[in-house]
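What follows is a single chain, given as structure tokens, in the form predicted on its own.
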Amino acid sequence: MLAKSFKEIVDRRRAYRAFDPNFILPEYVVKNSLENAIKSPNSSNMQLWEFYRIKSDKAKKEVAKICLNQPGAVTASEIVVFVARPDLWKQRQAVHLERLKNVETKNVKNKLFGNSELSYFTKVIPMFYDNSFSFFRNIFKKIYIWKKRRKAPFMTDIFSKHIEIVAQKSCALAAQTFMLSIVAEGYDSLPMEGLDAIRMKKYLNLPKTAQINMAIAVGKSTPEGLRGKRFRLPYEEVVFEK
């Protein structure tokens, strides 16, 4: 049964630890949900992510082992591995520069950096993502931040260790969109961070610079897949106002 409202989607989304192993998930369910995930917000629209669909019985068996043989992974109809790729920044930059060749607003300046969109992708993005000569780049970044913050508040998390976190955040946003979309399609999922990331990268033929964000099992849920009622801390304990 398809969800009728966003609140219903959010309320229905639960982490199911088991699925019907005999159920054949329609091909379009994961495809549609990944297409929705691609539309997720992400830092500077760099889209530093990749999604790997694990569909065949042989592949699912291998990936389930990498996911520590969690029941949700073993019984899933499909598993999707979400991967953060900060190392692909030059490829994504090139795509944007090609896109901007015929964009009328490419030279319109933005408020944050005072750069046009074209200048942002040619100057600011390399400053954030280029890790070559990192020692000297970090000195430059410290001076740059110091000058900017003398006049007004400015970003401070622009070093290499922060950029990796930024890519992971963007990938996690896509993962959440994906899981909500799966519910909207009438099915359920299980996000899995408990896995062997090194073995997963090797299995997917990924370089060391790639980062496994999470694996998400998808399928037709079973009642025994839930661990009781949902528990969340009260609104007043986690929401604060100024």
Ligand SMILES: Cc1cc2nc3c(=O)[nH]c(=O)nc-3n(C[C@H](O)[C@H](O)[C@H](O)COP(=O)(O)O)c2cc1C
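Residue numbers here begin at 1 and follow the sequence given. Just so it is clear, the structure is predicted and the values come from calculations on it, not from any experiment.
If you look for the form predicted together with this ligand, you will not find it shown, but the lines that follow are about it.
- Though the partner is left out of this view, A217 does not reach within 4.5 Å of this ligand in the predicted complex, counting heavy atoms only.
- Not displayed here, this ligand is kept clear of E27 by more than 4.5 Å at the level of heavy atoms in the predicted complex.
- This ligand in the predicted complex comes within 4.5 Å of no heavy atom belonging to G186.
- Residue contact check for L190: one or more of its heavy atoms lie within 4.5 Å of this ligand in the predicted complex.
- When this ligand is considered in the predicted complex, only one residue from T177, S43, Q70, N32 comes within 4.5 Å through any heavy atom, namely Q70.
- Of all the residues from 213-242, those having a non-hydrogen atom no more than 4.5 Å from this ligand in the predicted complex are M214, R227, R230, R232.
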